[in-house]
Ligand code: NOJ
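In structure tokens, the next block holds one chain alone, the form predicted on its own.
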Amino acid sequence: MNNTLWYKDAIFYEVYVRAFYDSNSDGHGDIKGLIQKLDYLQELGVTCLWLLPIYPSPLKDDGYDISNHYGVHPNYGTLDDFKELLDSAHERGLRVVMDLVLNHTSDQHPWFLAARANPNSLFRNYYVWSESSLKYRDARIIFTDTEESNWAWDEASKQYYWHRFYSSQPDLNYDNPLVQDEVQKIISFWFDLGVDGFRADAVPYLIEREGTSSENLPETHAFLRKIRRFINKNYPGRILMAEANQWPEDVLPYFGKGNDEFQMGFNFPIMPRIFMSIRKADRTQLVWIMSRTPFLREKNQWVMFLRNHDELTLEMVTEDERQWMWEQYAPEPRMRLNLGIRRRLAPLLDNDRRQIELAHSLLFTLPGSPIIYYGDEIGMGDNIWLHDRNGVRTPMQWDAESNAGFSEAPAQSIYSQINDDEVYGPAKVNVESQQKDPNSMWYSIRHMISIRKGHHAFGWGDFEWIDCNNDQIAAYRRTYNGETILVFQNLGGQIQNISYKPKRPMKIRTDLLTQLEFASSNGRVDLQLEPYQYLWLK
């Protein structure tokens, strides 16, 4: 496992440890439970696990409110369990990436408790304080549904402290060199254990400056370059993934000059446009956003995703597009949250397997490395009536038995109720039944993963649109090292006939997924695509 560019071909799988598998019947998924399910993940074909935060935490924000950066939440196990997870994963050729929450801590963190208790404490300057709530007023409020200000009044110290997220998550002060040193210590601790990388949470907001939006500031980039220099020197081959929910041109600086900031960056703007293109049966929005999305250098990579543990964010769309997305995908107010939609993939796409698989075809063939969110491979549903984003974080559905095979604890002890409705409950949607059925969605996703892993053109290749004179068809060419793959996808619910003249005459093309052959006549390839059909032609 010494290939330092392994992430270019990686298939990531986002695991919420608490939701995955409960090994000790206490109602919480845990690290030992995840270890027991590594064979499942290996069989699915994923190559890297991204773990949501497992640190000690009050769990007011599902672990993104960290109270100790050097441990494991007791609900999830111990540091020894975590070392065993790393060993077991690496033995199977699976890598493990953790969440690195740079922007803030919990208000229960010892640093903040000390800062709050004594204005003269060394830790006071670990956070951002003010006599006034009018500083940095050009910074937007991110959690618009719950927070009225980025400042919170602290009665104990008679000052305001700064927070870009919940008020229980005070922001760290990156103008303080001691805070920067602490971050390097945290990174060293986990990399010394054998972690393969970090997904860095909410990186645009690290530093504040008056008269700016306090996002994407040069000082933030300077700190991130310092972190990357430290990692390059001490931990070559480990990766950093940037969670920067920004326009492509604003994300580009987070890659630095190829080797001095992040190797990978999440492609937020393309994600809602995948949903737009399927609902409108029109590729126009995809073409537009791809024209704004830089093709990355050899050492960098976009991270592609359809859904994750947060709301489907609509920050990177226009106000009209946001209203349209809400009308189409979140018609009930309860489905909306902040500037997004609190729903899982299958319900968003009307539980239509053809559309779900088409979305995965886009995920796996557009430029970047894909992430699958746990449970999406079997079409799990959501529960919009649970608080905040908890409705997309319900227990993994392993079988149709009690508690969906997730836990043997009494139902009332489980951290979240099982999603048990008629359409998406474990009686209808579970791993066991899909693994027994070679025609199931699980098998289709697994097959797409296995084909993608065999062709570097998807992870490395150049990208060029193919114009079929039909905007209902999303077609493009991926080329790398002499290999060319033509991807044709019918975005709509009607049969489409297309005729395409390839750049180079070839007699026969084979669909990598089905091995069906498509002959050309008079130098043209004539295709009939069924509703939502996709072809990966070599």
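Note that residue numbering begins at 1 and tracks the sequence as displayed. The structure presented is a predicted model; accordingly, all values stated were derived computationally and were not measured.
Keep in mind that the form predicted in complex with the named molecule is not shown, yet the notes after this line are about it.
- Query: Should this chain be marked open or blocked when the named molecule, placed as in the predicted complex by superposing the nearby C-alphas, has its atoms checked against backbone and C-beta atoms at 2.4 Å, with 3 or more hits meaning blocked?
  - Reply: After the site C-alphas are aligned, the pocket of the shown chain is open to the transferred ligand.
- Query: Thinking of the named molecule in the predicted complex, which stretch from 441-449, 303-311, 67-75, 348-356 has heavy atoms inside 4.5 Å of it?
  - Reply: Flagged stretch: 303-311.
- Query: Thinking of 61, 104 and 243 as one candidate spot, does the named molecule come within 4.5 Å of a heavy atom in every one of them in the predicted complex?
  - Reply: Yes: each residue has a heavy atom within 4.5 Å of the partner.
- Does any heavy atom of residue 151 come within 4.5 Å of a heavy atom of the named molecule in the predicted complex? It does not: once the named molecule is placed as it appears in the predicted complex, residue 151 has no heavy atom within 4.5 Å of it.
- Message: With a cut-off of 4.5 Å between heavy atoms, is residue 95 one of the residues that contacts the named molecule in the predicted complex?
- Response: Residue-level check for residue 95: no, no contact with the named molecule.
- Query: Any chance residue 223 has a heavy atom within 4.5 Å of the named molecule in the predicted complex?
  - Reply: Because no heavy atom of residue 223 falls inside 4.5 Å of the named molecule in the predicted complex, the answer is no.
- Query: Looking at the partner-bound form in the predicted complex, is residue 135 within 4.5 Å of the named molecule by any heavy atom?
  - Reply: No, residue 135 sits far enough from the named molecule in the predicted complex that none of its heavy atoms falls within 4.5 Å.
- Tell me, out of 324, 143, 460, 465, which residue has a non-hydrogen atom within 4.5 angstroms of the named molecule in the predicted complex. Looking at the other structure, the residue within range turns out to be 143.
- Query: Just one of 280, 389, 428, 455 has a heavy atom within 4.5 angstroms of the named molecule in the predicted complex, so which one?
  - Reply: Selected option: 389.
- Can you tell me which bits of 465-479 touch the named molecule in the predicted complex, meaning any heavy atom within 4.5 Å? Residues within 4.5 Å: none in this stretch.
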